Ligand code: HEC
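Form predicted on its own, single chain, as structure tokens, below.
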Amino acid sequence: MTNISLSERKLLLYSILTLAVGLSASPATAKVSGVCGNCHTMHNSQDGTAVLHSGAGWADDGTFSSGEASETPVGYLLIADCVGCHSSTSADKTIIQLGDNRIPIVFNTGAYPSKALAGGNFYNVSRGETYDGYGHNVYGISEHDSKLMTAPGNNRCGNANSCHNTLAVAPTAQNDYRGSCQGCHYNVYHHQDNDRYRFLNSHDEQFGAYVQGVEHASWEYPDDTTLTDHNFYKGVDRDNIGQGGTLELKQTQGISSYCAGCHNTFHSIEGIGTDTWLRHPTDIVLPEEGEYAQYNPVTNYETQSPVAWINPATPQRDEAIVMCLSCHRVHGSEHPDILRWDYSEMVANQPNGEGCFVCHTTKD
């Protein structure tokens, strides 16, 4: 790090956070090291003022825009919450470089960035109810969705403030004090390395309810992605695990079964083994014949229509899995329904080779 004063250090959140990952089956390297004061405050007081700030995020020059001081402390003695650390006042910067260390930015407050990271960006959904469909409504970024009373596809939880219903409420006892970002990134392991991909886990983590995968070293920053250098998500072939209950799906560590924690009816087994699907399938093998034969994600991977893998460390064509993220970005998108492309532009018999037609090649 460069030479900075003590007070400046206290505002450099996660300045030494390193999340470099290679293509291997080893756990993700996400362990924080360095000065504790970069992230934590003992008493939320320094020189007579509050250390904790609401914060508008990082600026282009790598300094933290402190925003308004807050007298109300937050959990874990942090000097900002998840949103504050992973936001930027820049309209386009999505990785904050501090020496050899980087911070992924998922919310640009100025505009939707031209180079959003793999999960997309929360900018659009922060713009008000007109853009509710452009991202997950998350506390600290947006209000509750104006049209949806619960997460679409959810019929499993009657608690209105549960994370299974909404992420747009403050942490309370009703959501295990895990509102906002921690509704999905339930247990955040910034001080250890493990195989919990992107800290995607849940209150049933002890039963295997977490996600595995191999993470791209720059979170799929566009200039860094190549054929073999991108996120590798774990998927499941449900034909090989039967039609078991909720716990059985949780134990698969697949990305789509994790999404089903809130959107469970969209992960329904209805249609499996029939000729006519009732909903677009997830957690099935991408067929190797017919219209799908032209898309081989092993040799011609498309980040706009990605797939998961039964074994992310050794991807094989017959183990390519259709997943929720094959069509959607998780944080936010430039398009309605958090899609990776504009669905209104998917017109049959009008060749463009994009979006739906990456897999459904003969419909193009």
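Please read all numbers here as calculations on a predicted model, not as lab measurements. Heads up: residue numbers just count along the shown sequence, starting at 1.
What comes next is about the form predicted in complex with the named molecule, which does not appear here.
- This chain lacks the partner; the member of Val188, Ala91, Cys157, Ile95 within 4.5 angstroms of the named molecule in the predicted complex by a non-hydrogen atom is Val188.
- Only one of Thr150, Gln294, Thr109, Gln174 comes within 4.5 Å of the named molecule in the predicted complex through a heavy atom, and that residue is Thr150.
- The named molecule is not shown here, and in the predicted complex it never comes within 4.5 Å of any heavy atom of Pro312.
- Contact annotation: Asn101 falls within 4.5 Å of the named molecule in the predicted complex, judged by heavy atom distances.
- Proximity of Asp60 to the named molecule in the predicted complex falls outside the 4.5 Å heavy atom cutoff.
- Taking non-hydrogen atoms only, Ser333 never approaches the named molecule to within 4.5 angstroms in the predicted complex.
- Across the proposed site, Tyr76, Asn165 and Leu286 without exception bring a heavy atom within 4.5 Å of the named molecule in the predicted complex.
- Applying a 4.5 Å heavy atom cutoff to the named molecule in the predicted complex picks out Glu215, Trp219, Asn231, Tyr233 from 213-235, in order along the sequence.
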